[in-house]
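Starting off, we have a lone chain in the form predicted on its own, written out as structure tokens.
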Amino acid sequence: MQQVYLGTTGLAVSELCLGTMTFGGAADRDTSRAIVERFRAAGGTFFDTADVYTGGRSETILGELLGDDRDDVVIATKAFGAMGEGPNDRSNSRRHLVRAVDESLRRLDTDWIDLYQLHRWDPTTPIDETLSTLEDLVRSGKVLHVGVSNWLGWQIERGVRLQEAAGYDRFVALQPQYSLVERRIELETLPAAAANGMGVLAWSPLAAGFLTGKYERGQSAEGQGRFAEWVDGMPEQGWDTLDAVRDAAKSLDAEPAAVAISWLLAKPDVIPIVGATRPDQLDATLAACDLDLDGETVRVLDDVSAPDRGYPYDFGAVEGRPPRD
């Protein structure tokens, strides 16, 4: 597995990030250990978690499993969600974030967090309050870099412009849902991230397992996991995309999951977040690091999965007039 830089920072991370949402839930401690060992053996150094994952158990287990390897790995975590019953036990407020960082540091058994992300946009807290709090956390050394997850394009622009005006450390990463069947962030959110030099950590790159090929068109997914209803509502374009992924996998003698992850790896500054409930589930996604999709395969996948742009995204070109350099 190659090492890449996160956005425009000097922070080197593995080209795949291990998501640990299952730790302490679908994956018990021993299984989580086997997953981490498999990822580390393949050269993985980047781990993503959040305080709300399995009620904090994900952070605790991850901290225990990394142990003496802490200096050799990069840890990202997130805050926003409710961690208690009180009115101040959630949000991007100063009160909540200051406490949330300390609790995450304790659970992770570390002195610093490499990437601290706002899990969601918070309409209830003034953004100036949130940004000044993040800056204080960076200056304290508890946090090295800051990022956001699930933000819209205008929210990214608003945040970064305020950070620049105040002389704060800027957001360096965006964590959105991104896959061959969920590309709508390409319309606004990805351009905003790219314009601001932010790396992209793609969550659910296999679309909740849909792109592994385990589901079949016309057959109900009822009883096959918590995303069954979402799969049953998959539009025809999604099934057409899966057919194209399967065709590519067959021609390359690869697994559909490897093709789907490799497609993301071909995108600039995109790091897929891969997860598992068993160590063997990592095999297909790790294989993506050695799979080079040719230009024609990428074009086919791009075309079949392209989101409907519509107005105003198809209104920018002016006939007969070349773009400026």
Ligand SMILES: NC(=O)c1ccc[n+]([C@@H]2O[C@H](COP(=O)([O-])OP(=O)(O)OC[C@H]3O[C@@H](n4cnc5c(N)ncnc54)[C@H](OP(=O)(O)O)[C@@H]3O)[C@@H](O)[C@H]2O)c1
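The model shown is predicted, which means the values in this text are computed figures rather than measured ones. Note that residue numbering begins at 1 and tracks the sequence as displayed.
The next section is about a form of this same protein that is not shown, the form predicted in complex with the named molecule.
Novice: So if I measure heavy atom distances to the named molecule in the predicted bound form, which of the stretches 145 to 153, 128 to 136, 188 to 196, 165 to 173 falls within 4.5 Å?
Specialist: Selected range: 145 to 153.
Novice: Are all three residues 207, 273 and 281 in contact with the named molecule in the predicted bound form, where contact means a non-hydrogen atom within 4.5 Å?
Specialist: Yes: 207, 273 and 281 each sit within 4.5 Å of the named molecule in the predicted bound form.
Novice: Give a yes or no for residue 14: in the predicted bound form, does one of its heavy atoms lie within 4.5 Å of a heavy atom belonging to the named molecule?
Specialist: No, residue 14 stays farther than 4.5 Å from the named molecule in the predicted bound form.
Novice: Indicate whether the named molecule has at least one heavy atom within 4.5 Å of a heavy atom of residue 59 in the predicted bound form.
Specialist: No, residue 59 is distant from the partner.
Novice: Within 4.5 Å, heavy atoms only: does residue 277 come near the named molecule in the predicted bound form?
Specialist: Yes.
Novice: Looking in the predicted bound form, any heavy atom of residue 106 within 4.5 Å of the named molecule?
Specialist: Residue 106: no, not in contact with the named molecule in the predicted bound form.
Novice: Identify, from the list 95, 161, 184, 214, the residue with a heavy atom within 4.5 Å of the named molecule in the predicted bound form.
Specialist: Result of the distance check: 214.
Novice: Can you name the residues of 79 to 116 that have a non-hydrogen atom within 4.5 angstroms of the named molecule in the predicted bound form?
Specialist: None of them.
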